[in-house]
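What follows is a single chain, given as structure tokens, in the form predicted on its own.
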Amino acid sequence: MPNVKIVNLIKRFVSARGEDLLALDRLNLDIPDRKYSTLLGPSGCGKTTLLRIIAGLLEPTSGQILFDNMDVSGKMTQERDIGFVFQNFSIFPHMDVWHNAAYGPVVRGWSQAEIAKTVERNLKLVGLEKRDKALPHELSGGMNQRLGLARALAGHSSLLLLDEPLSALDAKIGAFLRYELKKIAKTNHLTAIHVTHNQEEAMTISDNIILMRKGEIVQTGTPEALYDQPNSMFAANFIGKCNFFKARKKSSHSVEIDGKMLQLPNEVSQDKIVIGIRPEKIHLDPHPDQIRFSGRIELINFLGHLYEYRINVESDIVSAYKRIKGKNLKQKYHEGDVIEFSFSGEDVFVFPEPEDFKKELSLG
């Protein structure tokens, strides 16, 4: 427990110039119980504002926050029974690890036996049981973040809120802690809500992703659903990479792209559309029965397990991946080469063409 429900939530701020700023625009959302959910989106989209309203650190302009169908909108933070992990750790520098982890239970007036049992359990859970006498400045950034997690868990709260908890850590420690956070949440049967702007982090850690943009919810679902079935150009471009081609309807199941015909499995309803295709679905050895394009390779990026080819097609850049097989790193293609590539209508996304194509491609 709990299930968190957001109903018609609006949040407005007044700027220093007296301007009315709409941060959250009539959000309606169900966050499932005992699942690890992420609020994902670009900076300024409203995800941290939403998390702080759920925590009781901000008041909504209007709307409701429900925990298990109970309206908590008017309750103070300490009355909501939550654990909160901050981006900047928020550790007391003058207290050792043990006393930092014990702070919540001490404030709540627990017995010494309950406090000791809880602290021992949580420090073991985050791997700090042998550093219980260390001061925060003696710990690494990753250890301090784990200490912040231990302190958030100390109150036995069933709802864990995390505000970009990994953004201040280096890449390897952050990647390690992703798995630790999810494992701890699952072990403790917690409902977790994790704010991030990092789509790789969200894809790795989430049971459920809530994608936001400009104060609105764009799409929710599993990482697989958002990657394989994006509902908009923005979702396709923010979750992973995607190439886009403007197209025109020619028949119920075919479109034209730059004079070339592409057959689609599903019926096309609009005259002007955009075709989206993932880089891994582009074939650099063209298939004879697929739509074909040609372009010049401008850049090749080596990504360890694959090469990324950036191909200039009539001044538009198309990204294609080619997986490295075995230990053979020898490249068939080189920068400056003019090559052909192809893709299948079975692998594309179809979106209505927006009024401002370039603006829709922006990740803001």
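Residue numbers run from 1 along the displayed sequence. Computed from a prediction, not measured in an experiment: that's the story for all the values here.
The next section is about a form of this same protein that is not shown, the form predicted together with adenosine-5'-diphosphate (ADP).
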Fill in: Contact segment among 296-304, 64-72, 28-36, 47-55, judged by heavy atoms lying within 4.5 Å of adenosine-5'-diphosphate (ADP) in the predicted complex
47-55
Discussion item. Check residue 43 for me: does it contact adenosine-5'-diphosphate (ADP) in the predicted complex (non-hydrogen atoms, 4.5 angstroms)?
Written reply: yes
Discussion item. When the contact criterion is heavy atoms within 4.5 Å, does residue 350 count as touching adenosine-5'-diphosphate (ADP) in the predicted complex?
Written reply: no
Worksheet entry | Interface membership of residue 10, adenosine-5'-diphosphate (ADP) in the predicted complex, 4.5 Å heavy atom rule | no
Worksheet item: If we check adenosine-5'-diphosphate (ADP) in the predicted complex, which of the residues in 20-41 reach within 4.5 angstroms of it by a non-hydrogen atom?
Response: 21, 23
